[in-house]
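Coming up is one lone chain in structure tokens, specifically the form predicted alone.
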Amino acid sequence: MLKSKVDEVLQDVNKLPAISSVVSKVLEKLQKPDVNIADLAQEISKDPAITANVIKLSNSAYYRASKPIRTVQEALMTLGIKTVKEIVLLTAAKGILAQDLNSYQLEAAQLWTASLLVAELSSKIVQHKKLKIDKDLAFTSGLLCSVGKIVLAQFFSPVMMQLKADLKNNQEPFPTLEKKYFGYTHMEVSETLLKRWNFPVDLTDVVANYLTPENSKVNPLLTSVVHIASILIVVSGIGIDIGGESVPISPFALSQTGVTDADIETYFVHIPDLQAGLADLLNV
């Protein structure tokens, strides 16, 4: 087992994927009910790349601003704090996920497309089923589910032959094999990363349990939504990795959300439309 080597990486901040300190500070400010828009704009503006993307995406067809946006403060005033938070997290996520994961048999473009589609479909499910969840929270919760794979991918080489043999001969969900060979699932690694980045507990809980929503302790409804979205995107063939379609949709998630077989068929059929609508975000 390679657990000791994974432990070394997880304990060394210099070996982990990093996000801008501005992102952590913005998330911290947003957890306060009396957040000041001018202070928030000032914090975001400290990072030129994030600032540029906030202005660029605020003016995109996807967000449909009512007037041209020239500054971060104008974006906050026009689109609202939740939407700008979404854009900030999009920018941070793209910086982390824009890499090939050859061990998982995923190219960077596939990984980013799949991550965006899980986020978008999560938001659509919340709206369609009229669930008591903020659609923006559903979007951002779905965005970072694969981030733990970035860390685990570097450990595949010594065990790749055994791993492929196990995949061929067993019907176990792929996270079970991750745990067997690396001592961690990618969900556990994602949880570690988000905690290190000081992300809100709702998001951390989702990435830790999105394939096992019945284990969610913070928000099982939100985790169930992201679970269903992630499974449907994999089944559609977008972002499917070495694990294939090894995880079925959880009956617990269906019960929590009220999603029916007819709903699933509708969501599945409309995945190409969702992808077409994400053109601006795919090129962040």
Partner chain sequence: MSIKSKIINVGIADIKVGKDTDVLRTTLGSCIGIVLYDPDQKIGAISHIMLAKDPTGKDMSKFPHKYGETALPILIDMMKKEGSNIGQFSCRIFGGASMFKGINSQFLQNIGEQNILIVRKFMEEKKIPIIVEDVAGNEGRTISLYCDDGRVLLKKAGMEKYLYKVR
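Please read all numbers here as calculations on a predicted model, not as lab measurements. Numbering follows the first chain given and starts at 1.
The following text describes the form predicted in complex with the partner chain, which does not appear among the structures shown.
Within this chain, Pro248 lines the site of the partner chain in the model of the complex, having a heavy atom no more than 4.5 Å away.
A residue is said to contact a partner when one of its heavy atoms sits within 4.5 Å of a partner heavy atom; Leu167 meets this definition for the partner chain in the model of the complex. The shortest heavy atom separation between Val269 and the partner chain in the model of the complex is within 4.5 Å. Using a 4.5 angstroms limit between non-hydrogen atoms, Leu10 is distant from the partner chain in the model of the complex. Residue-level contacts in the model of the complex: of Ile238, Ile69, Leu27, Ala41, one residue has a heavy atom within 4.5 Å of the partner chain, and it is Ile238.
This chain is displayed alone, yet in the model of the complex one of Gln73, Asn198, Gln105, Gln127 has a heavy atom within 4.5 Å of the partner chain; that residue is Gln105. Stretch 159-167 is the answer when you ask which of 175-183, 199-207, 138-146, 159-167 has residues with heavy atoms within 4.5 Å of the partner chain in the model of the complex. Residues of 209-233 lying near the partner chain in the model of the complex, listed in sequence order, are Ile231, Leu232, the criterion being any heavy atom within 4.5 Å.
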